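Single chain ahead, written as C-alpha cells, the form predicted alone.
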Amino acid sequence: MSQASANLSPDAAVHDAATRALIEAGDPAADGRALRRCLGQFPTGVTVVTARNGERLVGMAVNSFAAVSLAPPLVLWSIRRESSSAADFLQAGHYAVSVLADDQVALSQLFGSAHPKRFELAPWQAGRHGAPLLAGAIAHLECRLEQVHEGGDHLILVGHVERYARYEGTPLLFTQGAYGVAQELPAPATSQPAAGASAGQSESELLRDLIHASQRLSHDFESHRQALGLTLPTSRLLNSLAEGAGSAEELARATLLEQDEITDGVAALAQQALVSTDKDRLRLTPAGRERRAAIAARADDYMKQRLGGLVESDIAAFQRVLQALGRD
C-alpha cells in the first residue's frame, strides 16, 4: 500500500489498489524465471539453517522458512534435492534456525555462498545438539527433524521446536532479489504521534525511509528493465561487469545477490549473448556493453524526472547523507 493510500478511506484505498498495472502473466511451466519474479512479490524473512552431522558443520541461507503449528510446535523449510548439504541435514536429525537481523546482510551472503570457511568467519555457539546458533540473530529455534516430505525438486523438512530464544532487533527481509527492512505504515492523518517517542530514533527512521524509497524506486523502474529484456538481478550483474571482469564470488560481493540468482542471471545474460566467459571470469560482450549503456541512460532520465523538483541545496544535503552512510 502506498503512503498516500494509507490515509484514504477503505473504499478509496481499495480503488487505488485495483488500478495497479499488470506486469506479466503466463504459464509457470513455460517460464520458471517469470514464476520466480512473481513469487518474489511476497517478501520473506531471511534465516540461516545449520546442523552438525558428526564432525561436519553445514549451513545455508534460507527464506523458505515458515511456521506450521504451535501445538505441537512445528516449523518447516525446504532444500534442493541436489544440494551438497541435503544428505547432512537429513542424517543429522536436528537443525537450528537463526533469524537474521537487518544489519546481517553480509552474513546472509556468506551463507548463501559456497565459501569453505563460513563457520570460521561467522561468530556462533553450539546449540543443544551441536548445531551452530549464529551470534547477532534476533531469534534461534533448535529443532528435531520430525518429517521429510517430497516437494518437486525440493525436500520439505518439518522440525519439532525443542527450544527457542528471541532477541531485540529488526528482521532482515528479502524480496525481488533485494534485501530490505520492514517499515511501519503511517498512521491515519487524524492520529496523534505516539507518546514517549524519542528524538534518538530519527537516524534509524531516516535509514528506513531511505531503504523504503530505494525499494520503491526499483519497483517503479521495473518497466524500463523489462523493456530491455532485463530483471533486477541481471541489471545488477551488468552494472558490476561494466567495471571489469568478475568471478562469481566478486559478483556476489558487488551485487548483494544470492548464489542461485547469480547463476540464473548469468545464464539469462549468456542466452542473450550479453556476457562471455574467459577462464572462469565473466566479461560483457559488445552487445552487453550496449545494453548496459541503454539501461544506464534510462536510469539517468528516470532519476532526473524524480529529482527535478528539488533545489540544489536539498540534493547536496542528500548527497552528504549518502556519503556518510557509504563510509567504511
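Residue numbers here begin at 1 and follow the sequence given. None of the values given here were measured: they were computed from a predicted structure.
Another form exists, predicted together with a small molecule; not displayed. Remarks below refer to it.
The candidate stretches are 144-152, 112-120, 223-231, 127-135, and the one lying within 4.5 Å of the small molecule in the predicted bound form by heavy atoms is 112-120. The contact with the small molecule in the predicted bound form, taken as any heavy atom within 4.5 Å, belongs to 108 out of 176, 240, 108, 218. Taking a 4.5 Å heavy atom cutoff to the small molecule in the predicted bound form, the contact residue among 282, 269, 262, 60 is 60. Here the marked residues 46, 64 and 83 all reach the small molecule in the predicted bound form, each with a heavy atom within 4.5 angstroms. Using a 4.5 Å cutoff between non-hydrogen atoms, residue 99 does not count as a contact of the small molecule in the predicted bound form.
Interface membership of residue 79, defined by any non-hydrogen atom within 4.5 Å of the small molecule in the predicted bound form, is confirmed.
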